[in-house]
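In the form predicted on its own, a lone chain appears below as structure tokens.
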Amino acid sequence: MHHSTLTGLAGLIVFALTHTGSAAGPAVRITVDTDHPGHAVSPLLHGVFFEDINYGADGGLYAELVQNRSFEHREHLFAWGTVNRGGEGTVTVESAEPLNAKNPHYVRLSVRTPGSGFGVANYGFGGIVTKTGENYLVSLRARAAANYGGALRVVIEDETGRPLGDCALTGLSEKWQKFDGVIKSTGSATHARLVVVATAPGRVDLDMVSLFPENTWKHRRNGLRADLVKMLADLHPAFMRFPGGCIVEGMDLPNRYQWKDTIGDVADRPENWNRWQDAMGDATAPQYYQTYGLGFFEFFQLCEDLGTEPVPILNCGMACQYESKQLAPLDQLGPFVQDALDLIEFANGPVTTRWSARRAAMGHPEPFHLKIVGVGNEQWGEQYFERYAVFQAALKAKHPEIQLVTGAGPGVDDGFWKLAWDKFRNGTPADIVDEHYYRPPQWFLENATRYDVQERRGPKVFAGEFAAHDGPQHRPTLRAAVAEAAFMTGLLRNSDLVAMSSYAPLFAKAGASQWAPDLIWFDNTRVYGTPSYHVQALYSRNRPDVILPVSVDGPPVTLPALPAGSVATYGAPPRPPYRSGPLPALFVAAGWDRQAGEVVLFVANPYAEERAATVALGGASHAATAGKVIVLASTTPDDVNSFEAPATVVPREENLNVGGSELSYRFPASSFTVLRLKMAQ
């Protein structure tokens, strides 16, 4: 915090009953009308959007420690090396008589003399992390020639080659079998490797070599990294949109995300190269793939764990329009539409149907209660709407209860966006329209009122991807976060129209990212939230039930115009941005939390000076009896969080003894504040 401004939160706040002869109030007056509550706040207003970008899945949320476990990367032995402890033999990649046709490659160890071990080692995603005393679950498929009479020895070794634990897998035969083992680590390491060696002469084939920590989220074997899921849980998201994003589209249609490839036995899930692979500029991450170990079943299960609504997005017969622009002909959309229908059956159907039986076989006979499905990701133009019409007719005919998320293109206020909304208001049926904004912080300030003036005729809005890109490097600064908080006062205030919102991207792995302003950063051992993470959490965890009218009286602020070209547009000339002239002295939204009996006030001050304000509860019979203030602020708006200093910009909270219908408060420069006021009954 800026200690020249803040001397403890209590020092900021003076609460007093309104009375005759009180001193003149500060320059800004915020009036909350507690007697005339407005519309209900959408229960889905604040959620998260997951896409496998920046190593968000494999090497990230998906807890598998072995990279390229099925030898299907472009370089089949990527992340693997040969281990020879005084033996003699060869390591080759084969594809004859594979484990299955979906993952056809495997490694063959042809051992003439084993020495003290001949085989292979995997180096994980930039190293394998182990902790002293913890268990690690080994799994692999193997077969051996008839003349092989030994076991397989599986060892976790640290950076120096020192064994940290091992297990022996016995009973190999000429048929593929699955082998499982447990290794208890006797030491901690950040760059360990997993070693699999033959102990006798002969031939051994290996596939699907896997290592998981036992301590995954809810201790599931094909599980998720617990600390990353905890970061999601702490956001209290109302929904999760998945699996993307541009990987839904794929670089071309064969590369698109196909949900049926991601369910069932992990050994039967074909690996797919990640659409973001070529955008990965960091040399430490040259090959980027999706094993689909984190698939649609796991996504649904995670949503259930978190108490969030699943919002799957499906390909609509269009590859990425930035890349190949490949299209499925309109008369060949049948398989794409059927995939959507089958997904609803998989999620919601009774166990007697084909796809819901697959769900039950994976251990979840109960339905997942899917309510929302997205048709396409970020498509635009007439080609999209031709295909959307086919999906909409088929899905609504069979499942009128399912709401559909429809795209409005890659931006807002441009020609493609205008085309989309013209269609939605003139005959094209839609439930929820997905809008995306990646803009400078000032754009978010200037557009905080855009939904105040948008007509209510037509579908609801999903602010599906947004982030303030601060400066050329798009750093995730406090400045960016406060601009987003200011914009979100408009989302909350207009939550009769804006049903859903989610920041993007969600995850980024250090050394393996191509996108800077991500919500959560991690490496193999650590994780932290950016200032934007804390803004999202403060909104979600303090979401009121009902909007309260609020007015802000104070000196307006005029900012210089954004430089030309700082806001990208697509297609036809852009519409003018939704600006209401000068910006308000503070950005404010308010609401009732009925269960808590509290007024909740959200205030963003994006300016370089603190703002002194009077907060007046304008209802005739309401007065505060207690209060709490939560402030997100720091020394400068350029401050960021990091692995070394993860708490540079974090919320500070203090309970307050209050009473009355007015309070005075100094909102720090470049800050976001949540005030919760307990009301007299």
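Quantities reported herein were computed from a predicted structural model and do not represent experimental measurements. We number the residues from 1 along the sequence you see.
There is another form of this protein, the form predicted in complex with a small molecule, and it is not shown here; the text below is about that form.
The candidate stretches are 326 to 334, 239 to 247, 419 to 427, 88 to 96, and the one lying within 4.5 Å of the small molecule in the predicted bound form by heavy atoms is 239 to 247.
When the small molecule is considered in the predicted bound form, only one residue from S501, N377, T477, S495 comes within 4.5 Å through any heavy atom, namely N377.
Among the residues Y438, F179, F78, F385, the one placing a heavy atom within 4.5 Å of the small molecule in the predicted bound form is Y438.
Put simply, W515 is close to the small molecule in the predicted bound form: some heavy atom of it is within 4.5 Å.
Using a 4.5 angstroms threshold between heavy atoms, E271 stays clear of the small molecule in the predicted bound form. Remark: Y106 does not count among the residues lining the small molecule in the predicted bound form, judged by a heavy atom distance of 4.5 Å or less. In the predicted bound form, at least one heavy atom of E465 sits within 4.5 Å of the small molecule.
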